[in-house]
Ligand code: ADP
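One chain comes next, on its own, written out as structure tokens in the form predicted alone.
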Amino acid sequence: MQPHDALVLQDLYHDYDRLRAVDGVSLSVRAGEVVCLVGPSGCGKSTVLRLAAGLEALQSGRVSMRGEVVGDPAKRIGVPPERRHVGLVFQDFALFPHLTVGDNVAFGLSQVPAADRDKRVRDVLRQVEMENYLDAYPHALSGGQQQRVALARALAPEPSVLLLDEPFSGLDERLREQVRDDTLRLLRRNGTAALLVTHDPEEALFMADRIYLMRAGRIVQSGPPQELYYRPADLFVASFFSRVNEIRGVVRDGHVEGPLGRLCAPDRQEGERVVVTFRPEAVSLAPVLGDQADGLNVEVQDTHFLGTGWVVHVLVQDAEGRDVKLSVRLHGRPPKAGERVALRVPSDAILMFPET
């Protein structure tokens, strides 16, 4: 544990009856850092956040905040949520419907003198651009406005760490992007340490200084967003953050034969079945000039317009003669269906994993 760690979770385990929801999770959030805990639905990430907040009784492991242990069942330590100095923002915002916006934000400031409390409420509402709604009630606000008020309420007591559980998933796509951008800017400006739980890989890549990726209760890889995207530990990590093309093969004499040629497989065992992967945006297509193709000569199956570019599908055969459809992402004018093109994939864009 470092003195600048706002939150440290060590070897957390948690069972629901016979289901192990959290399986040895350890993570940290440094002061001023935004960390995303991401993974598919049901992987245990929200349970981890509830254990950190003290909303769920800790069964095994340790939770520390600013160097102080706030949860350790082995030592009978269990500081209640209201004394952990955390801010909480949930998907449903959890605003009190009978209180005005100002009273909602002031709810966690009962120990602050009235004059200072009013100033703090106005200051934090100004930061989320909701100062003009001080006397409004939650039912009169849009979803985006309610989310801003929930964020203001969580930040008002100046918590040691802000815990956010899928805070943007209830908003439509355009509003979600705007509120997410505003939230990140606010966190950066205030230097707030934050742990954000999300199932959205794009959101994690956008928001996080560091990412912890969970699967079935365990952390499978952690690090900066670029590290998880470009150097995934396994096929699950690679395919979680974006679609990947997959070609199966077998290692023979330290190589894998396939439509992309003879690929070196120095770290794989002889006879091991592997998956060769690469992202659609790594692929380039060029015209075939006469009978000459600078790359793999393939026929375009179909094209689809996505507004920001095109998806092109081509068909290749793996080493065992099975058809494999590959996806290509292009930003320029695409080739037409039925046209033959030369497909190229840079060697540094190709990843190889054991087949599982």
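Keep in mind that what you see is a predicted model, and the values were worked out from it rather than measured. One rule holds for the numbers: they count along the sequence shown, beginning at 1.
Beyond the structure shown, there is the form predicted in complex with adenosine-5'-diphosphate, which is absent from this document and is the topic of what follows.
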is_contact(Pro287, adenosine-5'-diphosphate) in the predicted bound form, heavy atom dist at most 4.5 Å: no
Touches adenosine-5'-diphosphate in the predicted bound form: Leu19 (any heavy atom, 4.5 Å): yes
Partner contact for Ser28 in the predicted bound form: adenosine-5'-diphosphate, 4.5 angstroms, heavy atom: no
adenosine-5'-diphosphate contact in the predicted bound form: Cys43, any heavy atom under 4.5 Å: yes
Proximity to adenosine-5'-diphosphate in the predicted bound form (heavy atom, within 4.5 Å), stretch among 59 to 67, 35 to 43, 296 to 304, 316 to 324: 35 to 43
